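Heads up, the chain below is alone and in the form predicted on its own; it's given as C-alpha cells.
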Amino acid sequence: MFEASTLEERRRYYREEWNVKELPDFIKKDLNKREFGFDHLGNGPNDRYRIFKTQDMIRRFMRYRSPFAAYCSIAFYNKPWQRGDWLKSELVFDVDAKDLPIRSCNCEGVCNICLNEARQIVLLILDTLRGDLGLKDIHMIYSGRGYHIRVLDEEVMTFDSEVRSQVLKYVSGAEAPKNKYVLENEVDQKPYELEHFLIPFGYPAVFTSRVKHSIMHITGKEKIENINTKLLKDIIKYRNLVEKGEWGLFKNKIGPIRYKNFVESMSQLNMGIVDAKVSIDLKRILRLPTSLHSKVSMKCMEVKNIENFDPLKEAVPKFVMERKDY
C-alpha cells in the first residue's frame, strides 16, 4: 500500500479504469478556460500551458500518455495557453496528511491514521466556510495524501492574494484572539477580559476548535516552539478537561502565564494545518480529480460524503488490489 506505481500500472489505470466522464462537473464546465499541466517522469510538472477544448481531447491524451501526474489550474483565463487574461480563481485549502504539524501516528509518509486526522481537519474547515462565511459551492477532493477544499462561490473567486491570506488565517485559527473588550458606551472603563473559550461564536470559537483538535492529538514527541517538555506533559495530563469542555479548569491547571504562551504557540502551529502557499497563489495548478497519484498509487477523486469517506476503500485502483502484498 502507498507504493509508487510503475509505468505499466499507470497504463493499465488510464486505459482500463479511468473515465473522462467521471471528471467533476466543476472541472468539465469551462474546461477550455483552464490550464493543464503534467508530470511524465516523476520529477514535478514540467509539461505546462496545455489546453483541452473538449472532453474527448483530454480522454485521448490521458489514455496514450498515461502521465505520472496530471494537474489543472484553479484559475480561469481567456488565454490559458499562456496563463494570460486572468478572469478568476477558485479559493482552495490544501490539507496534506504528511505535512500536518501534529500527527498522532508519527509515521514517515501517510497512513490510515494521519489521513483520518486530515479528514477531521477538513470537516472543521468546512463547518467554518459554511457556517461563518456562508459559502455553498464547495467541493472536497481526496488528493492521494490528503484533501483539497475547492470553493467556487462567485463572490470569492476574484479575491486577491491578501484577502485569501486573511480568510486562510480565519479558517485555520492562525492568530490568537484578543481577550480584552470595551463596550462602546464604556470607553473610559477597564476592559472586560474574556478568554477565547468563553465566546461560543465567531473567530474565538474557530480558534478554540482548532486548538482542541491539536491538544487531543499531541503525542508528547512534538517539537513546538515555546512549549517545553514540562508544559507538553501537563497539556497531555490535563487534556481530559478540554475534551469535557472544562477549559477554565484546564487553564488553571496549566497556569495563566504558561496558558498565555501556549495560546500564542498554538496560533503559530495552526497556520501549518493548511498549505498557505496554495491558498494565496492565484495561478496554482492542483492535482486533477480522477487522475492517479503515482507516488502512492491512489486515485485523486471528488468526495461526495466526507463524513463517511474511507480512501482505503474508495480510492484504491484495481492494480493495487491485485498486488501480492495488498
Partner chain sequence: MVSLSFLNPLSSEGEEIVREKGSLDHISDINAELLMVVRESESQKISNDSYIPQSYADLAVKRVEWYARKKNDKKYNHNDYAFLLNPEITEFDVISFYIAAQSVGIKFKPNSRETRLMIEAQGKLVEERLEKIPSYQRKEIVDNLLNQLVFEDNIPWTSIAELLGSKKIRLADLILDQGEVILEKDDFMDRFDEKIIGRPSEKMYDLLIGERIKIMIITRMIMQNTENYIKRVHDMASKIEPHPSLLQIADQITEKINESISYYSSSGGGFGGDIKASELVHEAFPPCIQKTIEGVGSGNRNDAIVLLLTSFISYARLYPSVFRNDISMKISDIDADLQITINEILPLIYDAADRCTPPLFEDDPQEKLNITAKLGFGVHTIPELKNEGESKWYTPMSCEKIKIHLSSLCKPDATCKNIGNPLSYYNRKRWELRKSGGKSKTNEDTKNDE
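Residue numbers count along the first chain shown, from 1. Owing to the predicted nature of the structure, the values given are computational and were not obtained by experimental measurement.
The following text describes the form predicted together with the partner chain, which does not appear among the structures shown.
Proximity to the partner chain in the model of the complex, defined as a heavy atom within 4.5 Å, singles out one entry of 238, 77, 203, 247, which is 203. Proximity to the partner chain in the model of the complex, defined as a heavy atom within 4.5 Å, holds among 124, 254, 105, 156 only for 156. Here the chain stands alone, but in the model of the complex its contact with the partner chain, taken as any heavy atom within 4.5 Å, falls in 163 to 171 among 163 to 171, 69 to 77, 227 to 235, 82 to 90. Although the partner is absent from this view, residue 53 stays clear of the partner chain in the model of the complex, with no non-hydrogen atom inside 4.5 angstroms. The partner chain is not drawn, but in the model of the complex it has no heavy atom within 4.5 Å of residue 220.
In the model of the complex, the partner chain stays beyond 4.5 Å of every heavy atom belonging to residue 101. Looking at residue 175, you'd find a heavy atom of it within 4.5 angstroms of the partner chain in the model of the complex. Along 256 to 291, residues 261, 268, 271, 276, 277, 280 each place a heavy atom within 4.5 Å of the partner chain in the model of the complex.
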